[in-house]
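Shown below, as structure tokens, is a lone chain in the form predicted alone; questions about how it binds or moves come after it.
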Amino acid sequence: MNTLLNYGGLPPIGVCQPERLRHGGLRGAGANYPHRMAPSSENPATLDDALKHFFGYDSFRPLQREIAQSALAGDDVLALLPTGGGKSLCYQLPALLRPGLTLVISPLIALMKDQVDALLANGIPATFLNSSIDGAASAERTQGLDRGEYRLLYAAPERIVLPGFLARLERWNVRHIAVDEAHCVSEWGHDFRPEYRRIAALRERLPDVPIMAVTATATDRVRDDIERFLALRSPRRFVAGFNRPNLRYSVFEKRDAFKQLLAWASARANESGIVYVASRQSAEDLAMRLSAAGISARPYHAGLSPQQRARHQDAFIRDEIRVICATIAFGMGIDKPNVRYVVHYDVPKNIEGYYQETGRAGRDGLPSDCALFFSGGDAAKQRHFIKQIEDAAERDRADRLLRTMLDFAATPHCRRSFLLKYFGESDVPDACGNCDNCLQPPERIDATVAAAKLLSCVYRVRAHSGFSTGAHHIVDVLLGHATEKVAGWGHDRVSTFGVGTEHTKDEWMALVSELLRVGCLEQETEHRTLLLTGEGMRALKEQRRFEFARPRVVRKPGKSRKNAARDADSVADASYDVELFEALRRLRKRLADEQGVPPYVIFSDATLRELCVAKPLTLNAFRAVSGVGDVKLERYGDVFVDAIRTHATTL
């Protein structure tokens, strides 16, 4: 094999620095990578050469090249790219083409570990400094920084203002600063972190060092805040858009939610998924019930100890468990590219949070699913919490954001179009062809008469008894079911008893959910009783017309994996050799375990799938596959080619 290029004068990795590589790794002793061949004295001619050599890609994603070029030119940059759009490469590549150190500020310790691990796997000297490492490791890495052994340093915003750290940065020859998750600097963002405001101190101590701010979600107001609070100087703005065409968005009516979730996860039993929930208890309960049903799962929330969270996250990114059940209030901070689905078990508070959380699916560009389990009861619960907010302006803002989220859940039109227009994108097509409403336009139901019956029943039951009841009781009255409670409370004598036999119980419950969503009903939080709102009373008096989309439900999976995927509306792609893929996935897992890294650090699912299509039988053919750089070719080429040859001989 040809001698590897030494891009940008990087120190030889694995030859003169095996210990440095190991100590730069993620966990414990870190990644114990095989030694790399001694590089030659050649320097990169273009960004394209470095892209292929280090990362194995032949082409850039939208705006990556332009952003990297601006960074190399010394400009301040504000880059807005969707999750999975390749933000990290925008500052990682320039770090390899210029001397000196690039400082990367990230709010998430786990994300630092993942990114450093991936860089080391590609033969790039990088490290991190944060609270997860002990004093000895921190001192060793600091000494390495003093010797100029690293090209990238990841650190949390809190560390920047520690005594002496700014002075160290001055002597470490920092040539570029990248601020990841830059929206955290704005109070108008969905994830405000006050410590981000202190990053501007770097501009005072390192006035000539350009800054790149990157984020996946930022409205115009947030973008202005990023420029102001990070003290960016006439930054070049790059906005790649919010579209994630590989993600399929679907909304399902929430009925017997755990059975729905189990059907969904069972149809994707070999895939990784995240289930977002509203409470810590839900995260614990769902993880336990999924595991008991044969779907390996763990909870992840702020109530766990840092050690527990780290263990659960490690198991997830190493493909040792399939599902993480996480609270929506606690960021995962993972860089796992092969999350094939994200389920929102409870309705999110706003579109920004929903978009970011769904963005954790399909970061490798492969087809992935985003499902929202929606009920009007969840909407009513969120409204109840909003009413407890004391500040009127904040309460109004929270209510406005929730209304937009509920509109997304109820829209009969293209969901992708809804999202893109919300984030200010113009010239958006009316149909994307990859959301539930585009693939199967919903049936519209005239619910005017039924809504009047239901609202009237809620009113008359309370008027008769002086107290409110739950939704199931109201539906029993409408259906004319003389249950013990219905008869005992005399509700079989109200005028709405038995007037709704033309609909099933499920249909009535779906209508309850819709009337909760539009605010005609509300649900008392503790006992979940239904109350007629002022809006509902006006709707009755005005004989308001109601039209809703017929709700979708998650179907039970079929007997076979193929039927299960179809019945659960999976977007799995079987245009590759599935048996070979599973064999390569097992090989990848073994190598990853030996080296103490997540499997995707070896190769992504996208690369494995391409290998299963191309089936390269030589190293030259192996290098042509996207995601195979020169370092990985040397480390893994022979063993993967051998596995492909073995598979070919067994057919």
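In this text, rigid core is short for the largest set of C-alphas that superpose within 1.5 Å between two forms. Everything numeric here is computed off the predicted structure, so don't read it as measured data. Residue numbers here begin at 1 and follow the sequence given.
Missing here is the form predicted in complex with adenosine-5'-diphosphate (ADP); even so, the following discussion is about that form.
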{"query": "Heavy atom contact within 4.5 Å of adenosine-5'-diphosphate (ADP) in the model of the complex, the stretch among 85-93, 486-494, 395-403, 292-300", "finding": "85-93"}
{"query": "Contacting member of Asp476, Asp75, Asp319, Asp335, with respect to adenosine-5'-diphosphate (ADP) in the model of the complex [4.5 Å, heavy atom]", "finding": "Asp335"}
{"query": "4.5 Å heavy atom contact, Ser59 and adenosine-5'-diphosphate (ADP) in the model of the complex", "finding": "yes"}
{"query": "Heavy atom of His344 within 4.5 Å of adenosine-5'-diphosphate (ADP) in the model of the complex", "finding": "no"}
{"query": "Non-hydrogen atom contact Arg517 with adenosine-5'-diphosphate (ADP) in the model of the complex at 4.5 angstroms", "finding": "no"}
{"query": "Arg363, heavy atom within 4.5 angstroms of adenosine-5'-diphosphate (ADP) in the model of the complex", "finding": "yes"}
{"query": "Rigid core superposed: Ser368 CA moves 2 Å or more between this form and the one not shown", "finding": "no"}
{"query": "Rigid core superposed: Leu290 CA moves 2 Å or more between this form and the one not shown", "finding": "no"}
{"query": "Rigid-core frame, C-alpha of Phe54, shift of 2 angstroms or more between this form and the one not shown", "finding": "yes"}
